[in-house]
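Below, in structure tokens: the form predicted on its own, a single chain.
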């Protein structure tokens, strides 16, 4: 008991010593509490509230999983997240390798590669609808090259629409992955490459033994940042497909806005949050430990 009582004066003394630091982080703490912690807690409680009566219930979750539309939305979300993340990591890595070189042409190209970040998502959705429509540029180019005999209807649903949404999302946000990996490449000491060349190491060996291991922390950061964002994709599928290709984000929005059902909307949002947390934890457990240790 005495130890417990002595803890509070000690805590007060430490708080007085660091009162300036506490004042500096207070706005951030208020921001996180008011706009993050409280809304999440309220959404979780709303997903457990019964439509009538008191207490807590899991009926909204059971109702969701009984709906084929929600199960399809989960499948679409996971498929788009996996496909778009794979494209973004691959292209982002390739572009980062290109832009890590030093030349006048590369310095000119850097703003061009970053340009998609400046375009609003709504504009990207409308632009991609022109590209992927039945008479859009993609079909015209492929037909002129002889790759296709007839147009591909990308917006007809199924895997074609999943690929279309993934490509549209990847075009918009690949520069983020590229910038993360580019900063990782530029942080590698050039002396390591010089020593490898002196020892007679080839390009592939240098990449496998030096570049890739030292880039693991940046790859981990890119996967986590973009993986979280890919799961919560919303605007691009809504603009391109409307209700024809629902993801969990658009499903929750439509449940609340169109069908006036805040309980299932909250439950689907909580499920999406759980999916994001599980994906991050699985990645950190399987591949992220080395990256965090290297950072």
Partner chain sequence: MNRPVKRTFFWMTVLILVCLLVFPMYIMLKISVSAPRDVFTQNPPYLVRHFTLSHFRDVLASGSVFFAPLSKSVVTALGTSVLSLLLTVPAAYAISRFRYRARYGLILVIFLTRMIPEISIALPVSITFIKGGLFDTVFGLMLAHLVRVLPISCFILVGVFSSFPKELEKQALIDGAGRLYAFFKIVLPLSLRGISVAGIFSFMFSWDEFIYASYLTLSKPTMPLKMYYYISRGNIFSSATYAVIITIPVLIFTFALQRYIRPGYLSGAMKG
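Residue numbers count along the first chain shown, from 1. Since the structure is predicted, the reported quantities are computational estimates derived from the model, not experimental observations.
This protein has a second form, the form predicted together with its partner chain, left out of what is shown; the following refers to that one.
Interface residue among 156, 79, 186, 86, judged by heavy atoms within 4.5 Å of its partner chain in the predicted complex: 186. Heavy atoms of residue 191 never reach within 4.5 Å of its partner chain in the predicted complex, leaving it off the interface. Its partner chain is not drawn, but in the predicted complex it has no heavy atom within 4.5 Å of residue 61.
Contact check for residue 259: every heavy atom lies farther than 4.5 Å from its partner chain in the predicted complex. Its partner chain is not drawn, but in the predicted complex it has a heavy atom within 4.5 Å of residue 141. Using a 4.5 angstroms heavy atom cutoff to its partner chain in the predicted complex, none of 45, 205 and 286 count as contacting.
With its partner chain omitted here, the record of contacts in the predicted complex names 100-108 of 100-108, 68-76, 191-199, 205-213, defined by a heavy atom within 4.5 Å. Shown here without its partner chain, the chain has 234, 235, 238, 239, 249, 252, 253, 256, 257, 262 in 233-264 lying with a heavy atom within 4.5 Å of that partner in the predicted complex.
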